[in-house]
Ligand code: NAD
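The data below hold one chain only, encoded as structure tokens and taken in the form predicted alone.
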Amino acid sequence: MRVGIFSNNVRRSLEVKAALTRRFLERHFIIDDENPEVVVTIGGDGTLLSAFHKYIDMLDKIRFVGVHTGHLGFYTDWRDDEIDDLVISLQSDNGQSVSYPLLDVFVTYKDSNKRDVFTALNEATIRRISSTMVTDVFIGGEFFERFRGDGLCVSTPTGSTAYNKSLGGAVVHPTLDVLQLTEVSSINNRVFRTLSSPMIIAPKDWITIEPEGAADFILTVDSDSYHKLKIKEIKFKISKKKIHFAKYRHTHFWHRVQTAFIGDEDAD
């Protein structure tokens, strides 16, 4: 098996990377960061997010395994003291995986034929820098509302527990092929109205936004930011690509949610 190892630069993560590399070589794995079959990330959810974008053009060929060196994340199933068990599991690999949906973001610009396409694992947002953002929102090609506020967030199911949740969005099970549209500080008064509620969007529908005026928009795609954009239109849709995780001990999603946000009620 060809295995790539992707680590953050925290000392503990680098120690685990070195130990895991030795274990792999002892068991005759091939360390191949350029063309891996399995990518093992060491760190946390942010590390796996970075690895996802590094290998984004190879998603149909690889599976991910996450090792956490801090708190249990939503993408990391193995603890840093379980690398021997992880190596044994990989030795008996039969190709099983669990797959989660991704988000495609299509951006067209004013006064330009340029078009950018991005893919997100967690979410994409659009915001104004200096003042209220005004944008028309279309669902499935039909006009839905004129939004006024700080911005909008479109998240995947796996991203529903990230920035989306802090905005009051729903937590969505990651096996559902849906997107979620959540408002960022919308303006609602006697003059202006929005739905002012998160929306779960069916897989067949596009979300389209057409922002009004200005050239100071910020677009974020996961942890990447793009500033001072002259945006004509952005379309969001569930991607044809998916992220695949090696299914050795993939932690139950609702257990992850309970652990991350509620914890052990018996703990002091």
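Counting begins at 1, following the sequence as shown. Being a predicted model, the structure only gives us computed values, none of them experimental.
The next section is about a form of this same protein that is not shown, the form predicted in complex with this ligand.
- Residue in contact with this ligand in the predicted bound form (any heavy atom within 4.5 Å), chosen from 186, 119, 182, 122: 122.
- 162 is the sole member of 162, 154, 90, 83 with a non-hydrogen atom within 4.5 Å of this ligand in the predicted bound form.
- Contact annotation: this ligand lies within 4.5 Å of heavy atoms from the stretch 45-53 in the predicted bound form, the single such stretch among 196-204, 236-244, 32-40, 45-53.
- Though the partner is left out of this view, residue 74 does reach within 4.5 Å of this ligand in the predicted bound form, counting heavy atoms only.
- When this ligand is considered in the predicted bound form, residue 158 lines it closely, a heavy atom lying within 4.5 Å.
- Interface residue remark: residue 225 is not counted as part of the site for this ligand in the predicted bound form, having no heavy atom within 4.5 Å.
- Taking non-hydrogen atoms only, residue 131 never approaches this ligand to within 4.5 angstroms in the predicted bound form.
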